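What follows is one chain in structure tokens, specifically the form predicted alone.
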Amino acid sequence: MRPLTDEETKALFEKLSKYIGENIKLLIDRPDGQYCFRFHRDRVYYVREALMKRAANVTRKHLVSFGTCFGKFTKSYKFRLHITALDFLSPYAKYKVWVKPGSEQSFLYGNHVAKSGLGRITENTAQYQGVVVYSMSDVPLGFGVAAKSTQDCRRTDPMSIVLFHQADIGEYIRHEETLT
């Protein structure tokens, strides 16, 4: 367990800013205490500082996990968000997409969303912008990248893809052995 280096912090904050923009500072300075990001075994954890100090008493070899895993760094040193970060990203999301009930299950199986399954989309969403995906009853389902801007979605073919899948809550079941 160690603090993130400058390059790791930059990669993490660039990825988070795709989804929550300037609200990153709200993750760190919360009213219920100070939180920070820590690196352990190629994974980035979001942890309360009091818990971090307690976890420092455990050796690295025996420490499995602490806090909430936000994602991991790949072998090529790119940061990949995990679905476990969804609970912290969804309240601060700048751009949101709501999917119709018939398309929810398809998204939860890891498929992209076509325009026919799109319920609503936040105004002024740019192409390739990170978005949080919700059901029509405002339950966060996952996150992805907008394949088309809001204006392009209005005049596109119903079968064209408007949202690229990145992570969904179905991963808790599909990849339960690798999520920590």
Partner chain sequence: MGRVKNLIELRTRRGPGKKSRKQAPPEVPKSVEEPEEAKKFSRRQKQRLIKRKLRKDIASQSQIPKKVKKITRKDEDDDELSLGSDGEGKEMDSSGYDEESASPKKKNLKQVVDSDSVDSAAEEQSDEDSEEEADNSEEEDDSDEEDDSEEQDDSEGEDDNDEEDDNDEEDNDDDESGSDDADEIKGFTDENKAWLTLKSEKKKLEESDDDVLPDDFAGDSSSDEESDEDSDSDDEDGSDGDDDDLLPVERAAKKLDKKLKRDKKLAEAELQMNISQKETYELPSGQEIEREVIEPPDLTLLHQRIKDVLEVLGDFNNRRQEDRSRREYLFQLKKDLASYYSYNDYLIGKIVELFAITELIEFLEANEVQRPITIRTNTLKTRRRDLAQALINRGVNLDPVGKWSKVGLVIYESSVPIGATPEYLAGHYMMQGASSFLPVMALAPQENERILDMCAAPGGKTSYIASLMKNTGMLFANDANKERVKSIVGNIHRMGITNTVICNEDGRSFPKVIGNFDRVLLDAPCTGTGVISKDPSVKTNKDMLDVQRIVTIQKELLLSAIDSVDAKSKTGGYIVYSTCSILVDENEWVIDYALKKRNVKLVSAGLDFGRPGFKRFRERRFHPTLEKTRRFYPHTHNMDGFFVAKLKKMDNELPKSKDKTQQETEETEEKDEKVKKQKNNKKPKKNK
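Numbering follows the first chain given and starts at 1. This one's a predicted model, so the numbers in the text were calculated from it and none came from an experiment.
Keep in mind that the form predicted together with its partner chain is missing from the display, and what follows is about it.
This chain appears without its partner; in the model of the complex, the one residue of Lys148, Arg48, Lys115, Arg38 with a heavy atom within 4.5 Å of its partner chain is Arg48. Its partner chain in the model of the complex is not approached by Phe73, whose heavy atoms all lie more than 4.5 angstroms from it. A residue is said to contact a partner when one of its heavy atoms sits within 4.5 Å of a partner heavy atom; Phe164 fails this definition for its partner chain in the model of the complex, lying far away.
Though the partner is left out of this view, Glu177 does reach within 4.5 Å of its partner chain in the model of the complex, counting heavy atoms only. The closest heavy atom approach of Phe66 to its partner chain in the model of the complex falls within 4.5 Å. Contact annotation for the candidate site: Ile20, Leu89 and Gln129 all lie away from its partner chain in the model of the complex (no heavy atom within 4.5 Å). Residues Arg48, Ala50, Leu51, Arg54, Ala55, Asn57, Val58, Thr59, His62, Leu63, Val64 of 32-64 are found to place at least one heavy atom within 4.5 Å of its partner chain in the model of the complex.
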